[in-house]
Ligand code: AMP
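What follows is a single chain, given as structure tokens, in the form predicted on its own.
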Amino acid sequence: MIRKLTELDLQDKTVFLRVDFNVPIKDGQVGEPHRIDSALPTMQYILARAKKLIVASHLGRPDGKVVEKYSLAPVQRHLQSALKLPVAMASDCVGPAVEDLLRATSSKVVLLENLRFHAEEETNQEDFCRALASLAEVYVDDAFGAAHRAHASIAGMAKFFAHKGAGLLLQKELDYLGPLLANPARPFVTILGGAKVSDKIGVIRNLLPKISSLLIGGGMAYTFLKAKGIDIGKSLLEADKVGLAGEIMAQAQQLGVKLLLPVDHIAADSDKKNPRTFDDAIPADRTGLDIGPKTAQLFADEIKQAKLILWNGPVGLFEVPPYDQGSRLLAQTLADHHPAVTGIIAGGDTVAAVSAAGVSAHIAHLSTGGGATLEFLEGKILPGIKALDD
């Protein structure tokens, strides 16, 4: 059993909160604060009750060394502004300097420096786990985006706490993603896009028996179209996955799952310019970069009749207009039919596409997990979830 934050006694306690603040930093500023802002409700809940809140995260891949560009100092500045409270910044995440700061500071919030400045974080070394655990009395994990990592602050230190549980954000992820695997509302439509079939094989295999319709767009669609013998020009292709794509289509047919592929395409020249719409086959000198208007309407019609939607991976090169039109239409359709249709958006690029369309406030759930969400949907037991289970 995983205890919820609301079930933990936090009164006058020091709480260690593991978050996922692995956010883009540009010119010393937080570039995209979605992950930080998503954890604010958990922090505010704890701050209303606890004596002190210790916040810990990783940032980037410093490989166990102190690398200045991966310092959490820009996060501290953003957090201070968002919480409207002083946030003390520790120079490390373990050791005497951290312990001295915790005793001396009048700030209720202390942000530890990047956990990955220590190699022991990623190797889940026991003494490092103990050192982190010694800082607090209660452990709360709100870092769903890192829940698939068997690291010290995610999987190792939790066992040293009698009082531990899931933060509001992690609990929300479990509440939305769990039913997809157990007993999803139907019709259950899954939209898969992005570049590669290989990234989604586990998800497809695990979800296929549970879904009503599978809509495939993005770069991965061209591998499926190739398996059907359709010319895809210079479009992205995983040649070694063509056979697998054929197997998936055959399995979908056996299970009675409607599998929809693009019926038209926006294809460009080698410079990603001069876009034109093509029905069916793509000319040899062109690259498919977005679903065409007929496909977008076909997919939108499936969304309208669904009760539950899982969308992972944009259906076009959404960062480069006009190849964002397909993803925009699907996002808008999903928002227009909220809350009758429960939309769950998974993966950073898909969240970015929905945000770019300006409709994120009208979608039920934007998952903060990338690899963690995919592994969860594959049916894997995530180390960070297992560590909370009493």
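In this text, all values refer to a predicted model and were calculated from it rather than measured experimentally. A residue's number is simply how far along the shown sequence it sits, counting from 1.
Just so you know, the form predicted in complex with adenosine monophosphate (AMP) exists too; it's not on screen, but the next bit is about it.
Taking non-hydrogen atoms only, Val140 never approaches adenosine monophosphate (AMP) to within 4.5 angstroms in the predicted complex. Shown alone here, Phe299 lies farther than 4.5 Å from adenosine monophosphate (AMP) in the predicted complex, counting heavy atoms only.
In the predicted complex, adenosine monophosphate (AMP) sits beyond 4.5 Å of every heavy atom of Asp280. For the chain shown alone, Glu126 is not a contact residue for adenosine monophosphate (AMP) in the predicted complex, no non-hydrogen atom being within 4.5 angstroms. Exactly one of the stretches 244 to 252, 219 to 227, 131 to 139, 86 to 94 approaches adenosine monophosphate (AMP) in the predicted complex with heavy atoms within 4.5 Å, and it is 219 to 227. Interface residue among Leu181, Ala82, Leu101, Ala195 relative to adenosine monophosphate (AMP) in the predicted complex, by the heavy atom within 4.5 Å criterion: Ala195. A heavy atom within 4.5 Å of adenosine monophosphate (AMP) in the predicted complex is found for one listed residue only; from Gly145, Pro262, Gly167, Gly288, this is Gly288.
Contacts with adenosine monophosphate (AMP) in the predicted complex, taken as any heavy atom within 4.5 Å, map within 292 to 330 to Gly313, Pro314, Val315, Gly316, Leu317, Phe318, Glu319.
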